[in-house]
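In the form predicted on its own, a lone chain appears below as structure tokens.
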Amino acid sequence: MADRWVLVGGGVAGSVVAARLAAVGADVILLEQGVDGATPDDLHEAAQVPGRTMPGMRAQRVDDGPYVPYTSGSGLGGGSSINPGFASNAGPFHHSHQLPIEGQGRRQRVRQQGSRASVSDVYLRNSGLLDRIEVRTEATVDQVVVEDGQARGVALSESGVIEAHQVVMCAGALVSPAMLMRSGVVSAGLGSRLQDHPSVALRYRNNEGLPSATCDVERSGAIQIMTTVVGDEIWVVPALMRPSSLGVIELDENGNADIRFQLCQAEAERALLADAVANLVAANAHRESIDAPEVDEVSDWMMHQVASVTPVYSHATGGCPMGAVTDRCGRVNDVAGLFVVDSSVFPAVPSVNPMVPTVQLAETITNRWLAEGLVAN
């Protein structure tokens, strides 16, 4: 067997890593639980395509709160196939990327000729590299096969074991940590530093006739505000982009991921988001409200929304933080041949939408592999 790399997850990071490895002639198998293929340009329609999200994903968003559905991208391109593609840079990884950017400032988005483009579109389909990669969609990985401190491959749900010299987890912050745990990996910090951008949606009737393609964003300090049209509604969505609260991922008694974000634990966080909601209630008083609080109910309404409503912003990071679970090359401590390259390695959530930082992370780590001679062709 040649020096084979098996990648678990074909989302944002997985698409980049697969392309970079294939470009230097590595033997690459890319395993993705979801589907392949184009998705509608309307991002709200895209999220309804079967196989483009993970069914049954649930998370607890605040201490002692209910477990609510959590939208997590699936299929080739992952979250980039169903998100608006906002393209701000932030965080410790600033490597250049290949994504086409249109617009200016905070309104920069990943788009080609006015249409959405996923990371897999750019790095795989449009690059000519897809034919060099063995891609298996609708392939569910149960665990990494680890023997004597060495990754030997992955076990699939229905089709046995795929052997490999290197296994790279690219399944995202809500899957990679749990899969390492199920695989018997023990590492201090595994499952820790889980974060997200707390967000709530103020909903108004679209009496203004705003087009369905409306998706705008602005920023005021730590608060980002997205305005979008969903059906016949206008959603005004403030999100706290610099949270400090930390959550955790563990395994429940059935071996499934127990995801607990523990959002807005700090009073300062709650105050920042509540102030933003109050300001937006005043600014949108001219609109017909569907679900927005009265001025004297802002704090209670906001925390109920954070705790109990499926979030608009699904920006989970952490669980395999670099410096604790992995080194600078994404190598998992004490397991040779096992790497993590996805949003789970961020020690803190980026203060912008994390898609572009995740692409830059994947570019940075694959560059480090090449510099250290880890990739043989």
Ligand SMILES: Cc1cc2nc3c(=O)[nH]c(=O)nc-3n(C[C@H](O)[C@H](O)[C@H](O)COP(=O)(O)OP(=O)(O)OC[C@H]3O[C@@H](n4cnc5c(N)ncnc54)[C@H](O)[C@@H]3O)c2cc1C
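Just count from 1 along the sequence shown to find any residue number. Just so you know, these numbers come straight off a predicted model, no measurement behind them.
Missing here is the form predicted together with the ligand; even so, the following discussion is about that form.
Distance criterion of 4.5 Å from any heavy atom to the ligand in the predicted complex singles out 83 from the list 166, 195, 228, 83. Of the residues 348, 54, 329, 68, just one reaches the ligand in the predicted complex with a heavy atom at 4.5 Å or closer; this is 54.
In the predicted complex, residue 33 approaches the ligand with a heavy atom inside 4.5 Å.
Shown alone here, residue 175 lies within 4.5 Å of the ligand in the predicted complex, counting heavy atoms only.
Although the partner is absent from this view, residue 141 contacts the ligand in the predicted complex, with a non-hydrogen atom inside 4.5 angstroms. Although the partner is absent here, residue 247 is not a contact residue: none of its heavy atoms lies within 4.5 angstroms of the ligand in the predicted complex. Only one of 133-141, 251-259, 273-281, 203-211 places residue heavy atoms within 4.5 angstroms of the ligand in the predicted complex, namely 133-141. Contact annotation for 318-351: residues with any non-hydrogen atom within 4.5 angstroms of the ligand in the predicted complex are 342, 343, listed in sequence order.
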